[in-house]
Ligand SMILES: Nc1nc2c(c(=O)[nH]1)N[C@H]1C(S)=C(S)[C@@H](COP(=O)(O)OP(=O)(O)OC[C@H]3O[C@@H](n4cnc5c(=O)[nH]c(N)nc54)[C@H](O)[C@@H]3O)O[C@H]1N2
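Coming up is one lone chain in structure tokens, specifically the form predicted alone.
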């Protein structure tokens, strides 16, 4: 590796331990503690005046969309406080008074900055000016915007389009995402990997193949008034805290909640509403009526068990459980499913799920007795080798009982990043459908490439093999979000140029190609003025609602550009006269972008008119009307064979997950209040019996080694934490544990990295 590739920066967070304190996890979530913690972050980062102004605009009609998760806002009346603790942290870190100026980069080499923790990198403050890292340099230096665009354009125009990769984070707005994919396709490639590839790609693949749409099928009102919510492989208390308000309404309206998760998470135990006096005083509403402690990767056999229970109940009382009329009119593949289920034995289901027959029957009884039911899930289902098959089995459950395509029943994949669903709607996809490309071509007068591009894992592999030489990221922290940290780092270092559009400093700025650029952009909370006129953007939430987002805070620096402006300037510099798109005009007036979206993307009729409706509008969703956009026009039952991971003696199965003090790869602190962890992130949660069998003491430093097809990867210096998790299961935080995720370990069909089922062994630490 040449010196010009800056090999001295470490791609991993520092491997050193802090003084950890462990306590019992609390029995309820939120309450006064969450309110106080939110305000501490606001005060420390933004100050009370600036921070409170931002909080009161978050998720309001006419305000800005929270830069955290994609949980939907109420359609009707909204509280003045439509944010959660982690949303407040995200807003605080974006609205911070701290600045990462050129002086910071002049004072610190890449190697210096790599020695900082992820918390310290984020805490350096908002980026203020474009920065460039020259070949062989040890420091970033400032660069003018025009010079930055010229540098990128020169490199792109010297590169075969299929050797350039254009990544997208889920925080990009609809307008930015639409222009980004337009530019990339006019440039000549479909290399548009995005964060969906690493999270909910399995959901989209499973749902598209079975019900004809890769999105959820319910509304917020449906969820709050249904009879049963099954929360599978999801921790809403940390990952989607505003969902707890909705789950409380479900319970108060008479619904029951079943939690299916290896860990009993605090967020689904009980909820103390922070906007009610009773909640502030510690009075909590119990949420889950049943917890099902499924083993990691045991969800598929668990759902098969539910299906067998449904068939048994139907046999006992014919015509009362299986919706035969719905099946006859709306589905295909029923007989094949029934035949396949008859071949599955209860001993196999119990052994693979880690559950007893009684536990599965108890969960099934809740589902069967509920006239209406909604199933929610997140990465606990999507990041396994058989993720698509597991989600298809959930579809089978809802099709078999007819609990889909009607009010208060259906499927609800809960997305992470705030506009990750909208990005896909806007065409951010390496496998674009021909009708979308046809409309794009007709609108803009060019011929889009038809060959599929790279998804995220394919993009990393292409860079690693020298098949891609330019990497451009519209947001995100690609290195820390990706699997196989050292492999990904080596891939990025083999590029001629890496470019990051960012608001804050992160580890991806330190692991670069021969040359690198940081392009600082406006955040969601900030005013976007073009020719003195304020602009707004739009986003799509988890339930298919498109609404506006307009920041009101003064920008962190006068040198910041919006994502839309950055894309337009880059496209104009790169494409020149090869493009007839009026990039300069689009950059000045976002209404013009929405006019083009209306003519290309289905469901956006009268976009500029309807987006001014308070709360926005719903996109079409045929499943809600029992219309199935499949080849036969019917929903499909599928047969999904059991295919469990087989562990050797001494091996465990590890999942990576978030702490309560982070959102994706952004680290707000070193605590995980809901799991009783204070002041440390390098921990591994282990079953107590597994620890005894290996002679591991609580808080003993250990090393973790993953095993995949004869390869091993090791993460050093983690503290062993005894925790209530099924035997054979373990958990650790990402990005620290991402080094263990093999680049080749992917889900069938979706190719999502299998970050929730990593085969590991543990040994006493040598560090």
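Fair warning: this is a prediction, and the values are worked out from it, not measured in the lab. Residue numbers count along the first chain shown, from 1.
The same protein has a further form, the form predicted together with the named molecule, not shown here; the description that follows concerns it.
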Can all three of 261, 506 and 756 be found with a heavy atom no more than 4.5 Å from the named molecule in the predicted complex? yes
Taking the named molecule as it sits in the predicted complex, is residue 297 near enough to touch it, meaning that at least one heavy atom pair lies within 4.5 angstroms? yes
Against the named molecule in the predicted complex, would residue 174 count as a contact residue? Criterion: heavy atoms within 4.5 Å. no
Is residue 658 close enough to the named molecule in the predicted complex to count, meaning some heavy atom within 4.5 Å? yes
Quick one: is residue 59 in contact with the named molecule in the predicted complex, heavy atoms, 4.5 Å cut-off? no
Ok, 219, 250, 665, 128: which has a heavy atom sitting within 4.5 Å of the named molecule in the predicted complex? 665
If the cut-off is 4.5 angstroms on heavy atoms, which of these, 481, 553, 363, 337, is the one near the named molecule in the predicted complex? 481
Heavy atoms within 4.5 Å of the named molecule in the predicted complex: which stretch among 431-439, 396-404, 497-505, 152-160? 497-505
Listed by sequence position, which residues of 180-203 have a non-hydrogen atom within 4.5 angstroms of the named molecule in the predicted complex? 195, 198, 199
